[in-house]
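This document starts with one chain, in the form predicted on its own, laid out as structure tokens.
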């Protein structure tokens, strides 16, 4: 059997997505994957435990109707979201939500437009589906280029706040993009709970917009994989037709519902992450030849004088058993992304940062 000849032609040189490094020991400080540094609050854990019962032998609700109702009536209530439950899709993390969108719209050779730098999974999915990737370079300050208003394609993906820059994009610009783009515009709002900016109000004005969100970051449910999309019911209906049945398990749905029931307490705790983000940014930004970009997310992007300095600090941090993220891509080669940790983790980060800068930079 010649396996290589059986594999789809465009996957024979496929570059898979490489996630942040996962240490095998428990004594590392892990600030490289934008995870919430705090565990789910106790109420959510108790709800998971209470529902670990005979229902585990049954299939979960394939459409997660109770969760969708909670999203509409409580989680997003202040944003005036669409009231039709058929405007919502729930998936196994935002990655599956994106994959289902690709399933619906993408044929081999279609053009998919996304920003550079941005989340690497967009290109991975494009390669997986045999699409043609069009990377639009962000401006030097990581703002949107003027060319985005004239670009063409089947899908256009905007991450806001953008990973890894932390920058949000204004609704006025997103609306203009949607009106000028004759395909589907996806706004990935994975990190939106760490800012007050959202494109949800635009859903009442246009019909080619899909907004994706997750319970992984602000609600500390990264391991349980719950994401969702909001769009017009025609798009959501087709997404539900092509997804795998029972794609979100019972306990994940229970946990996400509990997150919403306890959202006030969760968001109050997440204020620590936001305040720590501002504190760490200010301290690191005071170093000579080091610049911290403003961030609306649970991470910061740090700019160094050159690529060698960024790599040196990244490698030296490992000696302190602290993991941060370095990207070798040309648009990011002199930057490091640092997720915000607990106060104790952040203290160790700053102490190590000071020692490394003093001795090596």
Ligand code: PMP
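Numbering follows the first chain given and starts at 1. These numbers come from a predicted model, not from an experiment.
Here the subject shifts to the form predicted in complex with the ligand, a form of this protein not shown in this document.
Asks: If you check 252, 247, 220, 94 against the ligand in the predicted complex, which one has a heavy atom within 4.5 Å?
Replies: Of the candidates 252, 247, 220, 94, 94 is the one lying within 4.5 Å of the ligand in the predicted complex.
Asks: Using a 4.5 Å heavy atom cut-off, which residue among 231, 126, 214, 168 comes into contact with the ligand in the predicted complex?
Replies: It is 214 that has a heavy atom within 4.5 Å of the partner.
Asks: Of these, 169-177, 155-163, 72-80, 137-145, which stretch puts a heavy atom within 4.5 angstroms of the ligand in the predicted complex?
Replies: This holds for exactly one stretch, 155-163.
Asks: Is there a heavy atom of residue 103 no more than 4.5 Å from a heavy atom of the ligand in the predicted complex?
Replies: Residue 103: no contact with the ligand in the predicted complex.
Asks: Is there a heavy atom of residue 122 no more than 4.5 Å from a heavy atom of the ligand in the predicted complex?
Replies: Result yes; residue 122 sits at the interface with the ligand in the predicted complex.
Asks: In the predicted complex, is there a heavy atom of the ligand that lies within 4.5 Å of any heavy atom of residue 190, even though the partner is absent here?
Replies: Yes, residue 190 is a contact residue.
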